[in-house]
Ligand code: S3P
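As a starting point, one isolated chain is supplied in structure tokens, in the form predicted on its own.
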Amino acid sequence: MPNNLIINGCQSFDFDISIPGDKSITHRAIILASMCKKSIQIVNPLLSDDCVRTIEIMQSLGSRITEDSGCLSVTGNGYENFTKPKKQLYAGNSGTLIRLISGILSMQNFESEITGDSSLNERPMMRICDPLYELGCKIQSTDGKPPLHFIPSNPKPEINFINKIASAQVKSCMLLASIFLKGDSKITEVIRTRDHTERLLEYLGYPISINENEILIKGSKNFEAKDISIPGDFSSAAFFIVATLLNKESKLILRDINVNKYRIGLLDTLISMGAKITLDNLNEKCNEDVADIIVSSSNLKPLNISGEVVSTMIDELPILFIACATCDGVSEINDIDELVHKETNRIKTMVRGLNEIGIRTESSDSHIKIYGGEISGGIVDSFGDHRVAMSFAIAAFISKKPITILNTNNIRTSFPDFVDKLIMIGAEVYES
């Protein structure tokens, strides 16, 4: 992936495209397949930097993982037979990985340590450490941030945890920890979050039940070994959905995309803004809802949203900001404080970039107001944040002048062939 991108607009397009496998599900599939005692094939995994780090960590813990023609073969030793890694584990840029795997590492009878890149090592980890402390786990952090050092402990026999943060990562960390316990655990969410971990556990036959906001899960049970097929990633599809809406006389069909109801808040929001979006061929794949998404150019209206819907599109907010920047009027989005804790402070990074390309904004640590107008072009620093970089790449489709995006290397953490897809639909892209 180039370090900088220069994008000089895009002609009208009408394409039928595929999107790489879902990153969230790929992480979970690799981890849970490694907890089985038989081999599992993972079809259409996302082999981005973040997911490669997951493969490497599970291999360090004793799983045998091979790749052939874009598919993964995972052979684990069962959840009770992980082995002590020979060196410090490295999660790269992946907040999902470090938080999920902490639920496993905290339950082992050996010491281990995990770290990340400079960006990940500035992200808050007390949101997982605190409930694990309450369970009786021994974890040493660096002022509440990585590296995290795990020490063998004697945890309580079950978890009774109320997740007050709208974070699927925290919930999943505790679900994975509960598998190693003897008793029956209960995890309650104040706000429902994406449920890929629960769905995959159900698919693999693990005893778990969900009733409204309450999850009950038994400890020390075995998995059924079933092959896993990964649908297309909605968060990656979101960039091309918005690109189509903004680009005149354009249409796109995105095939086999994950449309889990806790992931597609952006769709509902865009439709409320006047977007022409429909779903076709709705079906189920490995306990996940999958569909083709059909998108056509649209005139979008400004919006004013807050509350629970924001948690269903937390990863898609940067590209939603771009959509709002093109509306005739003022958009306001509240309760976005979780963006402060992403790869960058995405509120500040997006505000700075929007201002650089001629869009007026007002913001705080929990809200943003975007004054729609004409995107003039300019130079934007993504500060190594993949979703920020990709969002401004889409803004360049309708910009008066080219947009130069700096520090785009990290796009490969989630969407390795993003630039290839841009060029395929007709964008004028230069790399430097």
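Quantities reported herein were computed from a predicted structural model and do not represent experimental measurements. Counting begins at 1, following the sequence as shown.
In what follows, reference is made to the form predicted together with the ligand, a form of this protein that is not presented.
Only one listed stretch (212 to 220, 307 to 315, 279 to 287, 248 to 256) carries heavy atoms within 4.5 Å of the ligand in the predicted bound form, and that stretch is 307 to 315. The shortest heavy atom separation between residue 28 and the ligand in the predicted bound form is within 4.5 Å. Proximity of residue 387 to the ligand in the predicted bound form falls within the 4.5 Å heavy atom cutoff.
Proximity of residue 167 to the ligand in the predicted bound form falls within the 4.5 Å heavy atom cutoff. Mapping the unseen interface onto this chain, residue 149 falls outside it, with no heavy atom inside 4.5 Å of the ligand in the predicted bound form. Interface residue among 127, 192, 226, 199 relative to the ligand in the predicted bound form, by the heavy atom within 4.5 Å criterion: 127. Note on contacts: among 96, 269, 326, 361, the single residue with a heavy atom within 4.5 Å of the ligand in the predicted bound form is 96.
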